[in-house]
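Presented below, as structure tokens, is a lone chain in the form predicted on its own.
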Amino acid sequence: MEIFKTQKELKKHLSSLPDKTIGFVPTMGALHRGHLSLLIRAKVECELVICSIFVNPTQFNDKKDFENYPILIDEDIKQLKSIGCDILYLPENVEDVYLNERDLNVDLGILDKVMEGINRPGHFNGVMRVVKLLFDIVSPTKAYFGLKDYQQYLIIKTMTQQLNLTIEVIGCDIIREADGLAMSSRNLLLTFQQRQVATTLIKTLQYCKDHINEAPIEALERRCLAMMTQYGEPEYFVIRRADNLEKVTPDYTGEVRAFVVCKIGKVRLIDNLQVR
């Protein structure tokens, strides 16, 4: 695996290669099996696989959250080598990533105004900024994103379509621990006891799926939120259309997903599940 610490060096290297299909997985490090599953899929579908590790400050609303984000570069590099990643972009500083930034003009509709858009103002603007810059640096054929951050996936896909980028944005299934907890770098911050409590996220989502046709949507949302309140500090539990995150109307027959965000101790966890 080759490691590049500046976009200039990476671009020079890529320009020297014959045309290949490039699979790209942008990450913030602290890699787990969820990240590796994206890279393995990219390895199967593309000729060259590139991963980036960059903890992007513009998408953190809480400075302490940014400062406490786990950094495990040496272990990350070992894992990337173990699954055959070809290239790692590991920028030395923020300035290298933001070197050629230009204004973005993207109409997201309600996508950045609901759920995480309410609770984390400016977060998705930061995500779009850095992903567009990374796309410009890497010029991938396909980009892979985990569906745990489903709202982010929809926003990146919408941005790519509106800017007419020739990149296929692929959403990949959530990888879970044996107890059902969605894999996340933030899980490293949980104590053993908190980890047990955190499994209530998937249990509540599964309860929602089992009862989706038995009660009005808003009543089921309230019931699931009350269930979460027994164990942590839930910020929301909502059931939305999977295509645009709008509320589910009685006549809607498409895919429906439930979304939950809950604080367990000081750790903010998110999860979602297709419920219909």
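Start at 1 with the first residue shown and count on from there. Predicted model only: the values in this text are computed from it and were never measured.
The following text describes the form predicted together with pantoate (PAF), which does not appear among the structures shown.
Novice: May I ask you to choose, among L88, V169, M159, V131, the residue with a heavy atom within 4.5 Å of pantoate (PAF) in the model of the complex?
Specialist: Comparing distances to pantoate (PAF) in the model of the complex, the residue within 4.5 Å is V131.
Novice: Looking at V97, L111, L147, V127, which is the one with a non-hydrogen atom within 4.5 Å of pantoate (PAF) in the model of the complex?
Specialist: Checked against the cut-off, the match is V127.
Novice: Can you tell me if M28 lies within 4.5 angstroms of pantoate (PAF) in the model of the complex, counting non-hydrogen atoms only?
Specialist: Taking the distances in the model of the complex, the answer for M28 is yes, it comes within 4.5 Å of pantoate (PAF).
Novice: Given that the partner is absent here, does N56 sit within 4.5 Å of pantoate (PAF) in the model of the complex, heavy atoms only?
Specialist: Yes, N56 is a contact residue.
Novice: Hey, in the model of the complex, does Q152 get a heavy atom within 4.5 angstroms of pantoate (PAF)?
Specialist: Answer yes; at least one heavy atom of Q152 falls within 4.5 Å of pantoate (PAF) in the model of the complex.
Novice: Want to guess which of 250-258, 19-27, 6-14, 263-271 is within 4.5 Å of pantoate (PAF) in the model of the complex, heavy atoms only?
Specialist: Residues of 19-27 come within 4.5 Å of the partner.
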